[in-house]
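Shown below, as structure tokens, is a lone chain in the form predicted alone; questions about how it binds or moves come after it.
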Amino acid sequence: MFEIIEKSLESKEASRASLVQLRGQKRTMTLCTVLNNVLESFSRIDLSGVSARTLIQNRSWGFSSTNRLKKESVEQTLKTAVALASASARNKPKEAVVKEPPAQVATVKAKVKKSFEKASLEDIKEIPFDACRGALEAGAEVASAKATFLAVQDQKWFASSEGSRIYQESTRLLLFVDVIAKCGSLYCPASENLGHTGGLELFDMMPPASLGKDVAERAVKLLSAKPPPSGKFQVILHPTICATLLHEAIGHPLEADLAMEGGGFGGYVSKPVMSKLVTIYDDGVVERGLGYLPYDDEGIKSSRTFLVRNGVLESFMHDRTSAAAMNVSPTGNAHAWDYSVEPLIRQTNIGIEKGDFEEEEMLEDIKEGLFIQGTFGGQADASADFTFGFQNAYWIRHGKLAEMTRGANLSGNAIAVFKTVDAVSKEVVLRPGACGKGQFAIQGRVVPAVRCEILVGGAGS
């Protein structure tokens, strides 16, 4: 692959551009879904190709891609990218300045203990079957149990006219379990997922059957639970719901493109925006994190970027263009789902640093509140306003967990909510996550439990 793309960098077309970035990729995706102990689908998809991204006259970007791994095809792709950038540059009098970091030469392979490549098709199929069987063992109330296993194996090559040559290799595994319990006309759903960058050692920590059973037992318990009341409560957000709130309502507004368009954090750099107990970062080199991406798709080396430190906004997540516009260094957050699309400013592994509280200490100061678990997704905007569903909660009464309630909704402004944080747990959890900002992405979350005030509403799931 390097031989193919490096020859294109030496071509006449490449010399016409101020900057050339070439990305090659080979990917294999394996997907297996089991519904109620019946194999629903089993597929393996291979894709490969090369993309060219060019900057002309320091004014305009051009982009093109091909799935033909031949020298002639890649050179034609580069020629097309140059032509597109040249046509666009005529209408852009202002220079498109980009930061010029040092060239990077590296080979990176994510750590694997139990190779997925060595697994047979029967071994792979058993992963969702085990999860489904575990769920159905929870009782006759389980009306539906679905398990989906996904493996994404990537090889990525990056070369630029600035001298960077980067090879990255990784395997990312995910298992999703969705269960619906039924009693009469009442249906209660529950779900959970596992995921990491690495091998099949993922299931040494949590066997698929155990995951399926845990999810199903929770769904069955919800049949006898009551919905929570509406109102503002002091709550403890379990890492499963904290991860969603962090990614959607805090993480996206901290992406520089959204911040520069007038997002909720725009104009607040170096100012307090949250509780002093909150420190938020993005880190592409968290081992096992689904966002383990040591170099981004502009050739920038990733490191830990502190976004909010002790409540004060320090930085946004940047690509090279936004970094130049704000006169800061790029943070390694330019990522594309695959070779066929341009990189966007994306989170990698976004996290909240651990605090000083044990769970019992977080509970003991609450006279009446909720311990909220699980997510059913929702929506948020660049101003950090959000509405999310949660799967279940437990009443907290006089510092003790009491009865379970069904899920409902959380809403508010995440900046305002995080100003009320008065406790952060000592334990942090590595969570899997996904994102649909323009393109699909698989990412990680590193989250503790947090205690805060939040608005709860809705009639329950």
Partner chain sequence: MSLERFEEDWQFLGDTARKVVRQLERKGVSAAEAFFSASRTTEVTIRNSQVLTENAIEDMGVGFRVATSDNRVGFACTNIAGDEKVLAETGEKAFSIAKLSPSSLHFALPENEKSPHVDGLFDKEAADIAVTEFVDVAYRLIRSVENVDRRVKAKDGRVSCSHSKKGVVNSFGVDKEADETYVFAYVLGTGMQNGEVTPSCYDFELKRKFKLNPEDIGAKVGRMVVAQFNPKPIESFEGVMVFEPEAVSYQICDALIHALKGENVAAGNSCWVGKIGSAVASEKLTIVDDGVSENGFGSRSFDDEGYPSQKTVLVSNGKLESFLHHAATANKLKMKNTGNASRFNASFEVAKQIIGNGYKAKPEVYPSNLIIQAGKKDQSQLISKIKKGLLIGSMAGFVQAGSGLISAQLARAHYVENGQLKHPVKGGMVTGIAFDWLNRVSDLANDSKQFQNSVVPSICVENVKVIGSR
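Numbering follows the first chain given and starts at 1. The structure displayed is predicted, hence computed values, not measured ones.
Here the subject shifts to the form predicted together with the partner chain, a form of this protein not shown in this document.
K.L.:
Looking in the predicted complex, is the partner chain within 4.5 Å of a heavy atom from each of 92, 341 and 378?
P.N.:
Affirmative, all three are within 4.5 Å.
K.L.:
Note which of 155, 160, 234, 383 lies within 4.5 Å of the partner chain in the predicted complex, where distance is taken over heavy atoms; exactly one does.
P.N.:
Contact with the partner chain in the predicted complex is made by 383 alone.
K.L.:
So the partner chain isn't shown here. In the predicted complex, which residue out of 183, 140, 87, 205 has a non-hydrogen atom within 4.5 Å of it?
P.N.:
None of the others qualify; the residue that does is 87.
K.L.:
Looking at the partner-bound form in the predicted complex, is residue 395 within 4.5 Å of the partner chain by any heavy atom?
P.N.:
It does not: once the partner chain is placed as it appears in the predicted complex, residue 395 has no heavy atom within 4.5 Å of it.
K.L.:
Within a 4.5 Å heavy atom cut-off, is residue 417 in contact with the partner chain in the predicted complex?
P.N.:
Residue 417: no contact with the partner chain in the predicted complex.
K.L.:
Is the gap between residue 67 and the partner chain in the predicted complex 4.5 Å or less for some heavy atom pair?
P.N.:
Yes, residue 67 sits close enough to the partner chain in the predicted complex that at least one of its heavy atoms falls within 4.5 Å.
K.L.:
Classify residue 411 as contacting or not contacting the partner chain in the predicted complex by the rule of any non-hydrogen atom within 4.5 angstroms, answering yes or no.
P.N.:
Within the cut-off, so yes.
K.L.:
In the predicted complex, which of 306-314, 361-369, 115-123, 277-285 comes within 4.5 Å of the partner chain (heavy atoms)?
P.N.:
In short, 115-123.
K.L.:
Are there residues in 45-68 with a heavy atom within 4.5 Å of the partner chain in the predicted complex, and which are they, in order?
P.N.:
45, 46, 47, 48, 60, 61, 62, 63, 64, 65, 66, 67, 68 sit within 4.5 Å of the partner.
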